[in-house]
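Next up is one chain by itself, shown in structure tokens, the form predicted alone.
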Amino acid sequence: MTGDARNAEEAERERRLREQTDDGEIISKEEYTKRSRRAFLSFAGLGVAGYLGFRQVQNMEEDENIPRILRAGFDWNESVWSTLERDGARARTFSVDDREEIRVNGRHGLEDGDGDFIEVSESEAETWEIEVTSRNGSTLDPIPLAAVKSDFEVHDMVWEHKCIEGWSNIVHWTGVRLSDVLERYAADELSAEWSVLRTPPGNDVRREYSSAIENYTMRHAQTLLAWELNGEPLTAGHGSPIRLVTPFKYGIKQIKRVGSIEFTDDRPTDYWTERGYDLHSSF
């Protein structure tokens, strides 16, 4: 094969390869090196700018335990969520056949001093009561768990449980509407702007966990006091004997093992808000 024929064959082979791979233009080694160096310098510059910007945010004046600019983002999220709140809105539900196992995540308020889950015996569950405090600070009649299970319409709901860490599962809950229970035991407090739910206090104050929810979520038909998960009684890790569930909040708001409820018209705080998280924690 002559040199011209060999060159023509290689040119044809190159043409076919370009058609198959659609790689665009073919450049020389020198041009590739130049472009690679330029890209590296560009990304390095962006990296430095990003680091300096991050440091600037870190050094900003704080507002409720986080940099002011991040708090502004949370406030924006709160305003959007408040705008979207409307009567009759419902979160998407699924078939019971779609339900999945859900990990035990979040142990605050459920552990003893050694880091073990505090188990609630059957006898303790039978006499379990949720303490209730009104807006004026007075103590109302407690809510007996036995009455919650026997006196109200039971609902089975299947929705997507979302964690602020980024994972989610479709979960089946069994319980009663929080609003139905409050209608009987704290009717005058149903107009409160906020309710703060807490786990039972222990000898170690670090065991107590709290979650604040606004009036819209508190009264919503899909916000439940639940005692079963995927058709089985709650375990200690999932908040036995009774917990809050709602499809409108991340898991950090769905407090496990409810021991008390307090009502307020003032903007409250709770466990994660005190650590810089968004008070609404809606998605």
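The model shown is predicted, which means the values in this text are computed figures rather than measured ones. Note that residue numbering begins at 1 and tracks the sequence as displayed.
The form predicted in complex with a small molecule is left out here; the points below concern that form.
- Residue 237 belongs to the set of residues with a heavy atom inside 4.5 Å of the small molecule in the predicted bound form.
- Not displayed here, the small molecule is approached by residue 255 to within 4.5 Å at the level of heavy atoms in the predicted bound form.
- At a distance threshold of 4.5 angstroms between non-hydrogen atoms, residue 219 is out of contact with the small molecule in the predicted bound form.
- In the predicted bound form, the small molecule lies farther than 4.5 Å from every heavy atom of residue 133.
- Look at 100 to 108, 150 to 158, 134 to 142, 186 to 194: in the predicted bound form, residues with non-hydrogen atoms within 4.5 angstroms of the small molecule sit in 100 to 108.
- Taking the partner from elsewhere, no residue among 177, 227 and 283 has a non-hydrogen atom within 4.5 angstroms of the small molecule in the predicted bound form.
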